[in-house]
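Only one chain is shown below, in structure tokens, and it's the form predicted alone.
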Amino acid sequence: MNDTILEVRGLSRYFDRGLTPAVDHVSLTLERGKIYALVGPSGCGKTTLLHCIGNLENRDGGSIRYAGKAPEDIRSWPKFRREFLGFVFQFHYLIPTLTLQENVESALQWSGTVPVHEKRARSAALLETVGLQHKKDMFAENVSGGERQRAAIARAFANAPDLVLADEPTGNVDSKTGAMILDYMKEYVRNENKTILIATHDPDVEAIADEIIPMKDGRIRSVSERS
């Protein structure tokens, strides 16, 4: 079985009518069962790279293959995102008029294979993982920003995606909750043979990563693998 979950070759994304390279001919390969930390200064292109990989933003050059599949071979992107990709954004994008549990369950809304009782059980368990079991019935608009971010992290894992793209997942939480989130990510990758790519400034994220991917001025500088 091929262990490659993502292959990016020469990916570029330009702004200002092509004058500013946000992502400049980036190539990388991610394998199953690993956590990757994408590190670098603010504005170096980390978020744009994640958005291009997730097909949330157009790329201006290069190619992407997801477990050997090219984007043009994917018949339904909404279905593919639900089943293959999970996203943790810098901003939570929760639905404010839904409870935290309903927000997590929303990721499972179109999954015809998961019974209703299992959706509720899975979402409740994920909220417990991020320390929100006591607030699962509160509306998203009535909890703090850090709590909304934690709920968004729970939502990202609801469908057990093969590849999770996480943009500063510990940036808006305290150290205790951050450690809880990172412990969950490590167990998820190890037990499920999944992959997580995390854009981060957090040294605790770097500490748990199997590989560090340094980025500067839109380019990948080198890749450092931990023994």
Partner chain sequence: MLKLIFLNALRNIRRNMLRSLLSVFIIGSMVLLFVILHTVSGMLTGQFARALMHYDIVVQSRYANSPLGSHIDIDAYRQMQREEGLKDVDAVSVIQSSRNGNGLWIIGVSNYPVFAATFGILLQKGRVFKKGSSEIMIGNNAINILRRGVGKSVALNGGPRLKISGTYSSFFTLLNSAVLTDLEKAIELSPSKKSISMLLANVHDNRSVDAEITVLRRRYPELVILKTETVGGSMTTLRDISAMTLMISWLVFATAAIAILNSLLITTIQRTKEIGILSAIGWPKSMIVSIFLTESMILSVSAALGGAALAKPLLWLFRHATSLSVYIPDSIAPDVLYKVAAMALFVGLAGVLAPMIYIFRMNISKALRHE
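Since the structure is predicted, the reported quantities are computational estimates derived from the model, not experimental observations. Positions refer to the first chain, counted from 1. If you superpose the two forms and keep the largest set of C-alpha atoms that fall within 1.5 Å, you have the rigid core.
Below, we refer to the form predicted together with its partner chain, which is not included among the displayed structures.
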property	result
Contact flag, residue 147 vs its partner chain in the predicted bound form, heavy atom cut 4.5 Å	no
Residue 84 within 4.5 Å of its partner chain in the predicted bound form, heavy atoms	no
Contact flag, residue 97 vs its partner chain in the predicted bound form, heavy atom cut 4.5 Å	yes
is_contact(residue 107, its partner chain) in the predicted bound form, heavy atom dist at most 4.5 Å	yes
Within 4.5 Å of its partner chain in the predicted bound form, all of 15, 58 and 155 (non-hydrogen atom)	yes
Sole residue of 186, 65, 32, 51 within 4.5 Å of its partner chain in the predicted bound form, by heavy atom	51
Cα displacement of residue 91 between the shown form and the other one reaching 2 Å, rigid core superposed	yes
